[in-house]
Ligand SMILES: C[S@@+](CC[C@H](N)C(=O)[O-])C[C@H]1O[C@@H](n2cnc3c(N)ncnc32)[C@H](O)[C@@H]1O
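Take a look at this one chain, the form predicted alone, written out in structure tokens.
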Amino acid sequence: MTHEDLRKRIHEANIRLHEVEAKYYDRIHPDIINKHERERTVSTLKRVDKIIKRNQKKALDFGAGTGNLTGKLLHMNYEVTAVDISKEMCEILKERYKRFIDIGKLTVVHSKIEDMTFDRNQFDMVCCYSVLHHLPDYLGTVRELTSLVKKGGAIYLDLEASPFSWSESERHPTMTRVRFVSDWILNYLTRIIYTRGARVPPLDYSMSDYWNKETNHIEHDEIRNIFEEEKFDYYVREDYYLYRTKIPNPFFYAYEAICKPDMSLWIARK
């Protein structure tokens, strides 16, 4: 299979997945509505905002989904361009934030990255939250996104970790499994309550979540190299633990004490 064929298959898998998932997305990703994660995300965006020089408050949210970052940026008085490959996600964004569209503070663009037509050095802040694991050439995407950042502007990447990012011994497989199962049970129970018993149809992540393959996972050194090549004057990587349930999971605290962090983020200024 050629690289172009693989890219096309992954794009198509994501379009098919989110065509079904969009309606249920916020319900089946409880980390989005988890109080701790909401506060963490807002705090991170404020950190990024503070390091931007000559900030004109123009932001790009790439892979915006249902608006996890878009809504927060709008309430931080940013003019936001939200891009997503899913037509269904874009429709949710348009409906959810219609008043911001009406006053010219939000533009929703239905597009894959290869079709984006933005000028270089256009945005004060570029954000990409939990998106890169869906892409076959995530480094090419990072390079493209960095080119859109103005001089003095900043980029924020929040990254899903592949299950193969660390060895079994490093992650402590028993505790990882306990947390995974307990998260699933808690999410299942709260979803039944939250959706009043509504059934979520089967969802196939086998091709859309491309990093869930042993040969495909994030290379932080390569991301750092891109920031250096693109002349970013500041960059920092942070690893953290993601709360993956709507309500607290008591096993999480044991997991946190024993296992390495399961998520990473980068903040960089040009």
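Quick note: we count residues from 1 along the sequence shown, nothing fancier. Values in this document were obtained by computation on a predicted structure and should not be read as measured data.
Same protein, other form: the form predicted together with this ligand, not shown, and the subject of what follows.
Heavy atoms of every residue among 25, 131 and 135 are located within 4.5 Å of this ligand in the predicted bound form.
Among residues of the shown chain, residue 186 is not one whose heavy atoms approach this ligand to within 4.5 Å in the predicted bound form. When this ligand is considered in the predicted bound form, residue 145 lies well away from it, no heavy atom lying within 4.5 Å.
In the predicted bound form, none of the heavy atoms of residue 190 sits within 4.5 Å of a heavy atom of this ligand. By the criterion of a heavy atom within 4.5 Å, residue 108 is excluded from the residues contacting this ligand in the predicted bound form. Stretch-level contact check against this ligand in the predicted bound form with heavy atoms at 4.5 Å: of 64-72, 219-227, 46-54, 238-246, the positive one is 64-72. A heavy atom within 4.5 Å of this ligand in the predicted bound form is found for exactly one of 113, 76, 139, 178: 113. With the partner removed from view, the residue among 85, 157, 92, 149 that has a non-hydrogen atom within 4.5 Å of this ligand in the predicted bound form turns out to be 85.
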